[in-house]
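Next up: the same protein chain in two forms, each one alone, written as structure tokens (structure 1, then structure 2).
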Structure 1
């Protein structure tokens, strides 16, 4: 069980409304599924990182649509929000307040080593063209994390560095002000689902690469995506023995199919006793069964915006309570609070 070492802890995660905001089975396996498991035994905070999206999305209509779509996708997949505080980053202003304070203990060199910044430079983008939001991205992410003092932060391998930078910033703050305000969070990367390959069998699943299987699209769209999934190129006829290794249909069935049925199909496939079409049909049926309730919730939430607003409002209120406690401590520790202070969270 990949979650056995994460018990009775506070878990925090955020997801930015990049792309068009829709989630695919790679997102589900790589993030949502594990978060649902965490929520069974832990206190979980999950936020939509809309402020982070401003580093790359600077079109009002696109950001609005992406954010709304992502909110619906996440809520539909999560279902039961017991133990989950779900909110939007921009609804809790303490995120940017803490970022401003952390700016003053974060060395420039630490940010220059960040992958996102270095990637932009490697793409021949002049440094003067890189917006400060992208450069400061790790500080806002540190603020996102440290506000809630989580024990663990589930991230992909490509985000591990940001949690490490967050720990460096927290240590510098604690050392500078001679008080352990921030505990150091641990990154959590389950190896089993760290990277989900796309339907082409060559690259990580990504909407921009067109190698995804959707969750909330029309059934006809999903069926087409499944039918185009990479199998065994050496297999010419259904009666030819097939290979399981590298066959993306079976890779997905290991997650979504019934184990006994999948094991049986694997044996038949290796002996040339089942066709690619039959196996793909079973994958399609398995996906429809797995996401049946989520697809129904998606339709219900889409038709009830007030329901979605209430979930976000309740989540923001809970997040506000926790973040306020942290910021009151930060203000007092830094000296921003004095005998003339009247503002209180």
Structure 2
């Protein structure tokens, strides 16, 4: 794993408060878990991409609620923030300032190829009705990343193209202004969690598809999600030999269960010596064990809004420091700064 070999890299990632702001095990495995690993040895920046959510959520109360929920979910999962600067995108206005500048080195063709925009075109909307925020989304994401000059951007596979567009935009900026202001960030996507499949076993785990296992819901909700997880449709009775491949309960157990116990359950399952319900019960217990501390922290944070505010304030302050250094360089490189300039970051 890269995060064990590379000393003191700078790592950055973001997460959007879309859906309802709650995180599921797909987000945890695909993004948060690796981030925590990175944070043991590296300088990490993690932010809530609330400006991104505006592309789809245009309701004051919903955006507020989702953002608040996501902040609590993230903080509860992260736990120790020693090497992590945690902040909210809209608290650092340099993100939109840099986006505005990067607009000018980004060709339309690059954005037309972006998945989010292409998906919308194919599924929902005629082009005239797609808002420019969604079309521009990859430029804002490039600004999010480049402001902090990270070495690695840990994301799920669905965000890989956005990081590639970011690299493209950075190269164009450097070339246009003949100065290597932006180092090119690497996406970091471990194969085993690049796409965490949903409980239906068919599609990527996603809140909007209703195929998730939640982390902070009531136990009864999580139990229900586990019990409805896709296993082996050819197995009618617990005594029938079962298949492990494509069986989502075992896929999740590989991440959350104790290896020896999971191996033994697999052997029994293949021989028809353990029921689906027993295996699912073990998955449920393993999830509760994995997230026990985070669930307790979630309750603690929910009861302490001042503590949360302080974390965000400190995070924004640190993010400001780094982002303003980059913006000073960008203003100077582009010629926005001149002999009459009075504004200085």
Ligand code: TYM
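Residue numbers count along the first chain shown, from 1. Here the structure is a predicted model, which is why all the values come from computation and not from measurement. Rigid core here is just the name for the largest C-alpha set that superposes within 1.5 Å across the two forms.
Asker: Would you indicate whether the form predicted together with the named molecule is structure 1 or structure 2?
Answerer: The form predicted together with the named molecule is shown as structure 2.
Asker: With both forms fit on the core, is the shift of the CA atom of residue 117 between structures 1 and 2 2 Å or larger?
Answerer: Passes the 2 Å threshold, so yes.
Asker: Hey, does residue 214 budge by 2 Å or more at the Cα between structures 1 and 2 once the core is superposed?
Answerer: Residue 214: C-alpha displaced by less than 2 Å between structures 1 and 2.
Asker: Is residue 104 displaced by at least 2 Å at its C-alpha between structures 1 and 2 when the rigid core is overlaid?
Answerer: Yes: residue 104 shifts by at least 2 Å between structures 1 and 2.
Asker: Core superposed, what is the CA shift for residue 339 between structures 1 and 2, in angstrom?
Answerer: Residue 339 is displaced by 2.7 Å at its C-alpha.
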